[in-house]
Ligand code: PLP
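Read the single chain below, which is given as structure tokens and is the form predicted alone.
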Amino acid sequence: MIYFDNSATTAPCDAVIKAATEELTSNAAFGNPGSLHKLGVDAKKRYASYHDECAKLLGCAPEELYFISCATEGANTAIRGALAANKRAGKTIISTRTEHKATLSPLEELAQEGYNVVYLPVGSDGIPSEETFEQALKDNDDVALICLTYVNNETGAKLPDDIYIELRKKYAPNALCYVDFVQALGKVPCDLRLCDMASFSGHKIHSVKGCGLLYVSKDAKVKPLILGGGQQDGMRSGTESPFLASLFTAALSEAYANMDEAYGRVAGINRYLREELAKRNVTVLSPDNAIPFVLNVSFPDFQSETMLHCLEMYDIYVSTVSACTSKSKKVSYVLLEAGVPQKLASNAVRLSFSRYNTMDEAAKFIEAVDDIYDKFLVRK
């Protein structure tokens, strides 16, 4: 099997499988961190140690991190919670239409509730320019929240390293900034000093589904989305899971230990595929500023879903649009917003890589593409 759909989800790595086995076979693994007896106290200590380790890797304080179920929960908590806790901050939100649906859907509801949501246009590089960002800040003196994605999940387009922080300080110093770091985590540095809130997902970094992280700066006020027993300092109620936290921590530790080496290896795979596919008149849709872990391309004479299922016959797995919207069978809104023509967008396929992919797999992918064209289409 050749798996080039790592932006959708990743296979659990050995460190995660080992951590899961150790947790599940430990006599203390089932202890509730909220219990007062020894099992509960031990579970609480382990849970706190995972907070500490993740915070050390991400460069923040342990009390600024909250284990959550997924990045969608993180986005909803950050966006709605920030506005609920800061009702006098303003009624304007600045974002883009290329955000993940976990961000766009709450913003659409907030617009219906009376908020002024300003969507910045993006260029062919998939990001808003400094000029358009500055103009939006100048035109709105009541900006309460800014929502951005550091690395786009469909194209790999990456925001500038400073995430426009100087413009934000100049024109909207009191606005909170939420950043979706899901596709960046473990691949490129994530500087949490540049934002007030951020979300991360475990199953994108070779952990398991069901666990993520929410970062909330100690200087930011956010109203909890989930209420109950007041766990995690009241920010995220619900029985704490040392098991899931341990798996996320194991995955994060291994990703950070291998980040530089993985980036170089994947960059080589990306470069090879760009060159080989260009020779076959395949259009590369990912911009030059994209990180190498995502490569979006458009195949001539093959619609997205057709190519996906053709590759599946060779035990090669790719995707068309974000996994969260793939069932709708619509053309990628991200590509259309970036100015990609409808015809090219309708033939787009996303290849997304992890540190476990190899150059040999890339070569076999090219062989499969050639065979698909030879079998199913007469080249013009």
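Keep in mind that this is a model prediction, so the values were computed, not measured. Numbers for residues come from their place in the sequence shown, where the first is 1.
If you look for the form predicted in complex with pyridoxal-5'-phosphate (PLP), you will not find it shown, but the lines that follow are about it.
- The stretch among 220-228, 68-76, 159-167, 134-142 whose residues place heavy atoms within 4.5 Å of pyridoxal-5'-phosphate (PLP) in the predicted complex is 68-76.
- Contact annotation for the candidate site: N153, V182 and S201 all lie close to pyridoxal-5'-phosphate (PLP) in the predicted complex (heavy atom within 4.5 Å).
- At the 4.5 Å threshold, heavy atoms of V266 stay clear of pyridoxal-5'-phosphate (PLP) in the predicted complex, well away from it.
- Contact check for V294: no non-hydrogen atom falls within 4.5 Å of pyridoxal-5'-phosphate (PLP) in the predicted complex.
- In the predicted complex, pyridoxal-5'-phosphate (PLP) lies farther than 4.5 Å from every heavy atom of I205.
- Interface residue remark: H100 is counted as part of the site for pyridoxal-5'-phosphate (PLP) in the predicted complex, having a heavy atom within 4.5 Å.
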